[in-house]
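What follows is one chain in structure tokens, specifically the form predicted on its own.
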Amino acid sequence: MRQLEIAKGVYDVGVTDWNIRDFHGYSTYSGTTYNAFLVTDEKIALIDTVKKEFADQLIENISRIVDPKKIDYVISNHTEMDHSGSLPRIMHRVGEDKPLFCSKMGEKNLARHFSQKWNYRPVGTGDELNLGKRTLTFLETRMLHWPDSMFTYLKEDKILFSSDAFGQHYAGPERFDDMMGDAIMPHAKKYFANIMMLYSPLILKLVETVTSLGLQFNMICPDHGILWRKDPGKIINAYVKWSRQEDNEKKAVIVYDTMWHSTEIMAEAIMSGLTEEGIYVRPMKLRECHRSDIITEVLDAKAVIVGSPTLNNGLYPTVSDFLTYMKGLKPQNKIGAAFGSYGWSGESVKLVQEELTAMKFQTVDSGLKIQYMPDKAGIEKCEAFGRKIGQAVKG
């Protein structure tokens, strides 16, 4: 990715990672970008850096605009290594004594990451940095999604550099929302579901804070994916909707795995019952669907129905993995149900039920388990179970 002027004197100097396919457990089939931004004025500021492996490309992009030594300030909105990994190279080129602006927690994190005695300048919400004709304002966003996270706002141009918020793991020739239209929204939804959903209450508070400050946005520039210039409000409104997790659709996700197809047959019969009640259903087999894609579907589903065969008196490993992943993201306002087949002990349904209850799902009875292969009567039980869940979804 080459440097691009996104507003007069403001450049995206970030890089594209075309080949990454896993981002700490999140599938990135479309790659990603590590965006960084250069603001040129009487003083020059670099906002964020990139993953360590791409430091040379970042330096090359900056060098096409200015000599890196002419950069006066470096700003670190977030210390996660995909955005701070190349800081040692950058500070060496820029000058180790140049001011490095970050949050108070950012200073602690960077010092632990790199053991460097840089010229840290910790800032808080409302602090400003004058560049000449332009002003940068800082806004702390703790736990969105790390304790050190913050935003930087270019006041005169109304550009928000939003760190990991409002991003997407997407690499492509398009650089702005108007070049993709609604095609970018599934990427944004997946990003939110797998990274930001856990922090939904904090996102709603942040939106209230931004509203109270009267900030307006001509552009929102996240550190991953495309930039929002045509309609920044679109992604803000989407975050509010996703964060509320209240207006869930009449939709159910059946998440399951199977050993000898018994649990799979149960899943199909439960789906039939749900469909009879007019519920949109997404069956997702765990060895065929990545957990991050399943969580994306869970985000706006009203019901999550989890099926597992019993293996060694416990859960099937893929089901256990998924439940652990989902539990960490804390989806809210969901109906939950458990089902599964067994040979001689049958603990899996009870264990799934316990996990759903621990996640504060509204569970549908005590679950459904069938020994060995479901016969005609068993199929009918599954269909009735699906109808019961469907009625709960409809309220």
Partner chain sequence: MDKYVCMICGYVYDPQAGDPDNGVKAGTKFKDLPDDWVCPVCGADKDSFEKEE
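Positions refer to the first chain, counted from 1. Just so we're clear, the structure is a prediction, and the values are computed from it rather than from any experiment.
If you look for the form predicted together with its partner chain, you will not find it shown, but the lines that follow are about it.
By the 4.5 Å heavy atom rule, the three marked residues His169, Tyr256 and Arg291 all fail to count as contacting its partner chain in the predicted bound form. Among heavy atoms of Pro147, some come within 4.5 Å of its partner chain in the predicted bound form.
In the predicted bound form, no heavy atom of Tyr73 sits within 4.5 Å of its partner chain. Using a 4.5 angstroms limit between non-hydrogen atoms, Met105 touches its partner chain in the predicted bound form. In the predicted bound form, its partner chain stays beyond 4.5 Å of every heavy atom belonging to Lys52. Contact annotation: its partner chain lies within 4.5 Å of heavy atoms from the stretch 199-207 in the predicted bound form, the single such stretch among 117-125, 226-234, 73-81, 199-207.
Taking a 4.5 Å heavy atom cutoff to its partner chain in the predicted bound form, the contact residue among Lys285, Lys241, His113, Arg142 is Arg142. Listed residues Lys360, Lys350, Lys327, Lys43 were compared with its partner chain in the predicted bound form; Lys360 is the one with a heavy atom within 4.5 Å.
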